[in-house]
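Have a look below at one chain only, the form predicted on its own, in structure tokens format.
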């Protein structure tokens, strides 16, 4: 994902625009401002890495984009439509346009539904029969390197890494305009993280995905993003292309994040 100037140069409006976004919780003396005038832009087929420590405002930004948190001021536009001003039908459409892959692979899947049922509901909420959508279910399972016969199994039969891959397939099955990946590797050990990040890297290329990839780990973000935005205490302290930010950080906080990376786990994402 790129900044606004890059998006304009590409000749198309950004899929996502965040303009001067402020989010405040509470009121009066107990008010806490979590996001302080955040600006961001994501063009089609690009990935914006959003990085910062716990409490920086990353997850609040993700929730605001999908409409779970209301902006105190500023705006969030998806395909040019202000999320805060959407009508009922537009909101229903937006819930399919923007898909979030959550952090916890254990609670993100309905334990009473088979994987096939879960994917069928994502494909068509009205006619959610696995038999009706068998070919599409098999296709989406193949994209995450799982066999078709797992469609009849339940979430508890899978490892954490497999569940997170299934959560990726569920998000993709909706065929959204934008995917928000919120700390999707944080509950996994390093070897499984590498597998998932390689999967994300491959799917980005093959499916031309548009993503916001959120993590506290700058090295992880570096491997899967086109550009990076660094959040600190609700402020954007640095933003730019992934190589520019990683190789020549301008803000002391960004330098601190880079210095804390212990060489990285050796992900192989081309």
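These numbers were taken from a predicted model, which means no experiment stands behind them. Residue numbers count along the first chain shown, from 1.
What follows is about the form predicted in complex with a small molecule, which we do not show.
Exercise. Evaluate residue 34 for contact with the small molecule in the model of the complex, applying a 4.5 angstroms cut-off between non-hydrogen atoms, and reply yes or no.
Key: Because a heavy atom of residue 34 falls inside 4.5 Å of the small molecule in the model of the complex, the answer is yes.
Quiz item: Does residue 223 make contact with the small molecule in the model of the complex, using a 4.5 Å heavy atom cut-off?
Solution: Contact with the small molecule, no.
Practice problem: Answer for residue 204 alone: is it within 4.5 Å of the small molecule in the model of the complex, judged on heavy atom distances? | Solution: Close contact is absent here: in the model of the complex, residue 204 is far from the small molecule, nothing within 4.5 Å, heavy atoms only.
Quiz item: Does at least one non-hydrogen atom of residue 56 fall within 4.5 angstroms of the small molecule in the model of the complex?
Solution: Within the cut-off, so yes.
Self-check item: Stretch in contact in the model of the complex with the small molecule, which is absent here, among 39-47, 57-65, 204-212, 236-244 (heavy atoms within 4.5 Å)
Solution: Comparing against the small molecule in the model of the complex, the contact stretch is 57-65.
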